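Quick setup: one chain, the form predicted alone, written in structure tokens, and binding and motion questions come after.
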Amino acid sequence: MSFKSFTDYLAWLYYQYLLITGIYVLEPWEKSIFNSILFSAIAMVIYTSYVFVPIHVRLALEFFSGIFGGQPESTMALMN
């Protein structure tokens, strides 16, 4: 892929972004505010997913393994 076709592809993606979100009708200062709010929200979602999803997955696995197959150790086995 040549550099020209890659830049054309990026320009096409940006144009699609403008059309889908409808920000092509906004003034430049409105576009920058909209984009900064959008990218801040996306960054917060990514950070929250990175921090909290592994904890919830681990807790869910512990919960379901206890329900569906994990046998608790008996107190007699712990005493011996």
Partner chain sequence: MTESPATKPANGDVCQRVKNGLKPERNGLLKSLHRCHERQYKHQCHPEEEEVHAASHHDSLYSRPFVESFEETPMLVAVLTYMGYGILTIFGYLRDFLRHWKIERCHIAREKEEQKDFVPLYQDFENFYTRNLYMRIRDNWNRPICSVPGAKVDLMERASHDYNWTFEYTGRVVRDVINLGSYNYLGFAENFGPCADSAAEVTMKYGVGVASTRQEIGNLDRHEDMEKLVAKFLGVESAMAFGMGFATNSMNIPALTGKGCLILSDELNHASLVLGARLSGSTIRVFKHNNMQSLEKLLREAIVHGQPRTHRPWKKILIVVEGIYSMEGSIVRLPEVIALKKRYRAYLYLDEAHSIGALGPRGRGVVDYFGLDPRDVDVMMGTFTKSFGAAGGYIAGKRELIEYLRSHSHSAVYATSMSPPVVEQIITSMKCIMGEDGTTIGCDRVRQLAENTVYFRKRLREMGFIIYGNEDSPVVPMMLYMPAKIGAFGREMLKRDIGVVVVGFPATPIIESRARFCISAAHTKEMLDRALSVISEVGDLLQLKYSRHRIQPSMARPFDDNMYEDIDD
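Residue numbers count along the first chain shown, from 1. Every value quoted in this text rests on a predicted model; they were computed, and no experiment measured them.
Omitted here: the form predicted together with the partner chain. The next part is about that form.
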### Query
Any chance G66 has a heavy atom within 4.5 Å of the partner chain in the model of the complex?
no
### Query
With the partner left out of view, is L19 within 4.5 angstroms of the partner chain in the model of the complex by any non-hydrogen atom?
yes
#### Entry: Proximity of F52 to the partner chain in the model of the complex, heavy atoms at 4.5 Å
no
#### Entry: Distance check, Y9 to the partner chain in the model of the complex, heavy atom within 4.5 Å
no
### Message
Given a 4.5 Å distance limit between heavy atoms, list every residue of 10-29 close to the partner chain in the model of the complex, or none if there are none.
### Response
W12, Y15, Q16, L18, L19, I20, T21, G22, I23, Y24, V25, L26, E27, P28, W29
